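The data below hold one chain only, encoded as structure tokens and taken in the form predicted on its own.
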Amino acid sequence: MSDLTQTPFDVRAEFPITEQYAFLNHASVSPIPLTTQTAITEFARDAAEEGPANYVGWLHSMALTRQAAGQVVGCAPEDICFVKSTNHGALIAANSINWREGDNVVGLQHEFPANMVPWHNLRERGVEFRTVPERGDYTYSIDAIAAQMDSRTRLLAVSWVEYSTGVRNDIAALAQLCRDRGVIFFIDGIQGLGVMPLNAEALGADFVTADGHKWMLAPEGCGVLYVRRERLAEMNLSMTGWCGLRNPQAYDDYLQPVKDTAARFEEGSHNLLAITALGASLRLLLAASLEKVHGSVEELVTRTMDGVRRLGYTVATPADPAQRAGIVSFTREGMDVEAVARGLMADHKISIAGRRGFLRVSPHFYNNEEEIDRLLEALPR
């Protein structure tokens, strides 16, 4: 396993779920670490005992979370907007671009609905949504993506990592394709942020969004949206509310300028408790080092893939480490994957998922080889 012994905290102790379960389902809804539980408890205690007396402190906590999110995403803190979900981030992008009738958006055939529905909805504005077919090995051809683009393509929307197969898309090549074509590049990052390092700014992405409840180990309903600063000037204010104004506390100045940062899209009162929790989880990941986190997960993924192949399963996730992240998806003909996943939980306290006909395993950095072996022993032969 990757060496996490130098991590400034006891990795396994941060996740008491390990006392009961082999939790290998981080592509779904993750458990939170003790550090984050403490942050939630302290915020709740403060709110109960003091009311808003320490509101300035809560705002400072939000600033610290924005800073940590910038480190995880690979951008300046000012380029981070807090969102309720991945879908919320996609809606901000979709509704803040000044579309022209006849424009089109290009996406991929098999995506989670959060990265499909907002683009389908643009048909009401005369915008076509085109999808690129998946290849037989569950990957997508960059040439096929390019072939779907034309002079009216305004945006390419892809997932960094596909939720059902675990395929990692080549976002560097796609970013270059978008630059060459003058196309906006939108990334659904929820299955990659928290398990792999990213530098969104250097990459050239225009938008990256993710809820915190998967690999970032935070509660549901609070995530981040990166907005490339150069895009702000060309975006409309449809998704801007009073908290997006330059001085939100000037309550009677309704027509003042909006913020010149991504925070212009934080339309109303913030969920400060959830943002505080997100910050605690992100700082824990940063303390562990995202490079070491990724190395640990990669070793567990390799062990899982090798093991299920020995058991005779067909693996959908690519063998090439450059084409995968933290998900391993596999199946066998005629298998009821939902029933198998339920049985593993009920009989063995092993948490995995069934998605699109595959069993999906998604370990995080605090899992260990024994938990993978426990899964392999329990899987149907």
Ligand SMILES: Cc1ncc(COP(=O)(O)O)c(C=O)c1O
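A residue's number is simply how far along the shown sequence it sits, counting from 1. None of these values were measured; they are calculated from a predicted model.
The form predicted in complex with the ligand is left out here; the points below concern that form.
The candidate site formed by 87, 112 and 214 is fully in contact with the ligand in the model of the complex, as each residue has a non-hydrogen atom within 4.5 angstroms of it. Contact annotation: the ligand lies within 4.5 Å of heavy atoms from the stretch 156-164 in the model of the complex, the single such stretch among 178-186, 71-79, 226-234, 156-164. Remark: residue 308 does not count among the residues lining the ligand in the model of the complex, judged by a heavy atom distance of 4.5 Å or less.
Residue contact with the ligand in the model of the complex: residue 304 places no heavy atom within 4.5 Å of it. Taking the partner from elsewhere, residue 27 is found to have a heavy atom lying within 4.5 Å of the ligand in the model of the complex. In the model of the complex, residue 200 stays away from the ligand, with no heavy atom inside 4.5 Å. For the candidate set 195, 282, 300, 190, a heavy atom within 4.5 Å of the ligand in the model of the complex is found for exactly one residue, namely 190.
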